Each structure stands twice: as structure tokens, then as C-alpha cells.
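A lone chain, given as C-alpha cells: the form predicted alone.
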């Protein structure tokens, strides 16, 4: 029996995909993956650094796990964005850490773990070389049995002033379209019902060659990839995240043409103020953004639109914040993810005077949240009486008498039922509109 490894993911969908890759590489090298940190020989945290709270969480978890330990001290490793950014300082800030694995070193993880197990006190790999890196993860090694994440691009070239991703994930690197299409087909053949094409900016997708996209029309490589993905016959295809500047109207046309391209677009605006958007170096104005929204709203199918917003960015005035409220009112988002600005060391914004007080950030957060809740309630109520298709993914977190899943427009839908429905697509008639989810009754299985 090989050494046991406990791997815990803290962060985004890309982190989940990276953990799946790490799991495959470790198993192939002879390691056993444990579901519990209490007796594992190696404990690895795959981390996110986009928000300050996410970055701090890893240190809290290391302390919690060490207190739960039974027996000898394990090898403790940190991988992902926090590892890439903090580097050797993690050894000093947390003496229990033995292993640091950067964002482009996942394929080398087994070798690094072995070095730590053999007694090397400080093992670190922050090499950003990606030549020969394998992005593939077999269908049988996914976190979910029904929904799979398919990375199409990693890294970011945008350099928004508040964002750490270009430093933690490196420059944009797109996967070959032929590999992506082959992966989708494999997932389809193994019974997966839904995939998410993921990346920091999916519509910045630029493969080295057009192999795999021949014969598919599209204004950009991403639009052609969407059509190629749709042609695989995968039942439901979603994608996230989109960058406004690169969001071409042909994306909307592709979704309208293919029923299996789901009617949901996540398009982060971050602010409604042109002055703040310039300071953020977003590369678009509020009117540019609204033009993209107009294209989405002209679609034949009703598209769900979600977004991210940062309140309290350095220099944001009350007038700037009012512009954000105005934009949110104009768009009418199906969901909104709101964040209070937090400084990320090493970013250009970290050099700015963080002059919006904590109390003011909180006040703006709460005002925007209340506005969004009111708008969102009206949107959710518009679904009352409608029948929508739901992929059943789990037992509801609030009641073991209910099942839960997502609609094609990416809304959480709960309904009475049992575990026999797991992995099925069912038709649900919506009877209640709750603050962040819908509730209904199954009419029939699809």
C-alpha cells in the first residue's frame, strides 16, 4: 500500500479542475487518496488568492487540520495560486509547511511529494514552464458524476489593476481545440449530462492552430469552439468567465443556434463608473458593456445574465457608486456577486490609497445587495408556473426530503424527490420563487 494523500480544494472552478488533475497524477504514481486528513501521510491544500479571505483560509485550515491529527506529523503542502504568489515565505509564515507547488507544476506533483516524504524539509517548485503540460483528466476521475469542468484557457493577459491572476496563473495559454472536443466526447460517452468550459477569460481563447475547428463558422476562435462543442452532442454546455471587451455578439448567435449551448452568460462588469473602470484598467466603458448586454437581450432565447462587482475600489466616490447602482438597475441581473475591495499585494491597485473606509465599503455593499435582491426577486417570480429542465445533482442542503440541481439558465432548483433521480434531467414546474433559488414539483423525467 502506498502513502496516503489528502487533497483539499479551496477556491474556484479552475482549482477544482487542477485538483482533479493532481488526483489523477498522484494515483498514477502509486499514491492512495484519502477522504480524511486525520491519518493521511500527506496533506495538500489547493489554494486561491483572488480574494484576501480565500488566501487567509489556507492558514486557518492548516491549523485546524494539525489539531485534528492522530499520530505523527504529516507532510503539509500548499499548491495553487497562494503557493505561486507567496513562494518561500510560506515556509517562514507556517513552519508546518514542507511542500510548495506552483500553478504550473501540477504534473510534477508526485515527484515533489516523494521528495518531501523522503525527508527533504523544504520542497518548492514555482517553475512556470508549461511545455508538455497535460490538461487531460479521464471522465472516471471527475469530482462530480454528472457535471464536468473542461479548462480551455489558463492565465490572463488583461492585468486589471486589482487582480492577482496574471501573477498567480501567468499569461494566457489556450488548449488545442482538438483536445477539448475529444475530452467533451469522452465525457458524453461516459454519461455526463453537462460540461462547463472554464478559464479566467474563456472568450480570450486563442489556440495555436485551428485543428478541431475546421468547418465551424464563427467570428472568433471561441465562437468556433462553442459550435464545435455543440456538435459533439453533449446535452448541456455552459461557459465561464467571459471578459466584456472580448465578448463578441457572435457568441449570442451561437447560443441561439444550438439548444445545447445553455442560455446563461456570466459577464463581470466590476463597476458602473467609467472613471473607476479606467482606474481598474478594465478596457471598457459602461456604455461598451451595455452594448454587450443589449446584444444578449436581443437573443431569441431569454438569457440569464450574472456579474461580479467590486465596491469601495480606491478613489470610488459616492457619485461613482451611484453609477454602479444605475447600471445594475438597467441590466436587471439574474444574480450578482458583490465584493468589497481588498488589496492584493503586488497588484498596481495596491499602490493606490485605499481611501474608502471599511464602514463605507460595508454600507455600499449592503445597499447594492438590497437593490439586487429586490430586482432578483422579480426575475425569479417571472418563473412561477413555468416548466424548466433541471439536472439533478445532489440532495438539497436544506432538506433531505428534497433534491437539488441547476436549470439550463444556471438557477438552483429544489423539488421533492429521492436519490433515484440523481444524474437525471427532470422537468420541474416552478411553484415558489425564493431569494436565491426556485422551488417546484416534478412533472416528468426527460
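Numbering follows the first chain given and starts at 1. Being a predicted model, the structure only gives us computed values, none of them experimental.
Same protein, other form: the form predicted in complex with 5'-deoxyadenosine, not shown, and the subject of what follows.
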Inset, instruction - Label the site open or blocked after overlaying 5'-deoxyadenosine from its pose in the predicted bound form onto the shown form by the C-alphas around the site (blocked when 3+ ligand atoms sit within 2.4 Å of backbone or C-beta). - result: open
Inset, instruction - Decide whether residue 365 counts as a contact residue for 5'-deoxyadenosine in the predicted bound form under a heavy atom distance cut-off of 4.5 Å. - result: no
Inset, instruction - Flag residue 289 as yes or no: does it have a non-hydrogen atom within 4.5 angstroms of any non-hydrogen atom of 5'-deoxyadenosine in the predicted bound form? - result: no
Legend entry - Touches 5'-deoxyadenosine in the predicted bound form: residue 98 (any heavy atom, 4.5 Å): no
Inset, instruction - Answer for residue 259 alone: is it within 4.5 Å of 5'-deoxyadenosine in the predicted bound form, judged on heavy atom distances? - result: no
Inset, instruction - Specify the contacting stretch among 332 to 340, 184 to 192, 366 to 374, 218 to 226, defined as having any heavy atom within 4.5 Å of 5'-deoxyadenosine in the predicted bound form. - result: 332 to 340
Inset, instruction - Using heavy atoms only and a 4.5 Å cut-off, determine which of 254, 180, 163, 75 is in contact with 5'-deoxyadenosine in the predicted bound form. - result: 163
Inset, instruction - Counting non-hydrogen atoms within 4.5 angstroms of 5'-deoxyadenosine in the predicted bound form, say which of 106, 270, 273, 203 makes the cut. - result: 270
Inset, instruction - Heavy atoms within 4.5 Å of 5'-deoxyadenosine in the predicted bound form is the criterion; list the residues of 76 to 114 that meet it. - result: none
